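There is one chain below, alone, in structure tokens, taken in the form predicted on its own.
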Amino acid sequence: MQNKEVIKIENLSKKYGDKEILHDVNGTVESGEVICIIGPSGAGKSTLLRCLNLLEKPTGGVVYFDGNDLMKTGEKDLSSVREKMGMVFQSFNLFPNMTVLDNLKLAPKRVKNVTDEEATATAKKLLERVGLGDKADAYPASLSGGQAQRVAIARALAMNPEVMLFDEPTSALDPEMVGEVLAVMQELANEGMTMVVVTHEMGFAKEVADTVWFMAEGTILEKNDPENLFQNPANERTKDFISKIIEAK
């Protein structure tokens, strides 16, 4: 049985004034698939991710989510689409004046009208899931970067999304904290969560991705399973990028 196509990107482009950030980007994300997007800085990876839930409005092309053309979606319907796409940013974006528990409860109560009791129960369960059950009453300022990012993941999961989008979730972390965040993401992947991950963590991409997209100069130059893309890249630009990573090690 073929997996359901959750996201479809057709001929996507994005310009800021005369500067073209994305051009002719095409791709599909199927239910349960983990896609890692890799490539040099300035390739347009984060912009592409933000176009998927229209945090950035594409200049041209189409993004379909569950078969619906997002470019034709009204603001109200767009909010419900965003509920189904959890987003985790580089910089955590937690509310500093709220406890960890209240950070998790806010959106389900405000957006989904979930009762306080239900939101609390879900939040506590999710904090246990990311290994932070003892941090419910803590404030973000008291957390390490790795803990804050795990809270941010739990907060996105509190909305029970269909897809999780990760924008370089470990790039702001000290090296020793990267592993704890990647472990949570790996567990989500193992549980069948559909994920699109912009990452510099090549080990994670090799181990966890079903498909790797290599981006450069604002478009996807190569898509393949991790083994083939890393061992036997077809595109010269991909070869060059991967050889530089290997040298840097």
Partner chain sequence: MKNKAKAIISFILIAVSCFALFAVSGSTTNAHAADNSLTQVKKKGTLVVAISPDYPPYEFQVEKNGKNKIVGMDVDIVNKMAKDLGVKPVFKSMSFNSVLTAIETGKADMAIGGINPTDERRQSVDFSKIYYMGGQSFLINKKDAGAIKSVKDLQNQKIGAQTGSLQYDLAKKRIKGANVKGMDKTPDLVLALKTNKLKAVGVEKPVAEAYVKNDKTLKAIPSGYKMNTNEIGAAIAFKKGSSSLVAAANKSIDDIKKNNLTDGYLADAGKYMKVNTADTSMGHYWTYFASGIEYTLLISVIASFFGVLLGVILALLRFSKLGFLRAISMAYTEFVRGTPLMVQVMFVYFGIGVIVNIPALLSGIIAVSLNSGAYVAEIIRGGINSVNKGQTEAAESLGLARGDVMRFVVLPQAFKNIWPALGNEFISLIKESSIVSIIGVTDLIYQTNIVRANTYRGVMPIFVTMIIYFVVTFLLTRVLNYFERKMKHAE
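Computed from a predicted model, the values in this text were never measured in an experiment. Numbering follows the first chain given and starts at 1.
The next section is about a form of this same protein that is not shown, the form predicted together with its partner chain.
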{"query": "Proximity of residue 85 to its partner chain in the predicted complex, heavy atoms at 4.5 Å", "finding": "yes"}
{"query": "Touches its partner chain in the predicted complex: residue 75 (any heavy atom, 4.5 Å)", "finding": "yes"}
{"query": "Residue 107 within 4.5 Å of its partner chain in the predicted complex, heavy atoms", "finding": "yes"}
{"query": "Interface membership of residue 46, its partner chain in the predicted complex, 4.5 Å heavy atom rule", "finding": "no"}
{"query": "Stretch from 35 to 43, 182 to 190, 51 to 59, 212 to 220 whose residues place a heavy atom within 4.5 Å of its partner chain in the predicted complex", "finding": "51 to 59"}
{"query": "Residue among 173, 101, 94, 126 with a heavy atom within 4.5 Å of its partner chain in the predicted complex", "finding": "94"}
{"query": "In the predicted complex, the one of 159, 119, 177, 130 near its partner chain [non-hydrogen atom within 4.5 angstroms]", "finding": "159"}
{"query": "Residues in 126 to 161 with any heavy atom within 4.5 Å of its partner chain in the predicted complex", "finding": "139, 141, 155, 156, 159"}
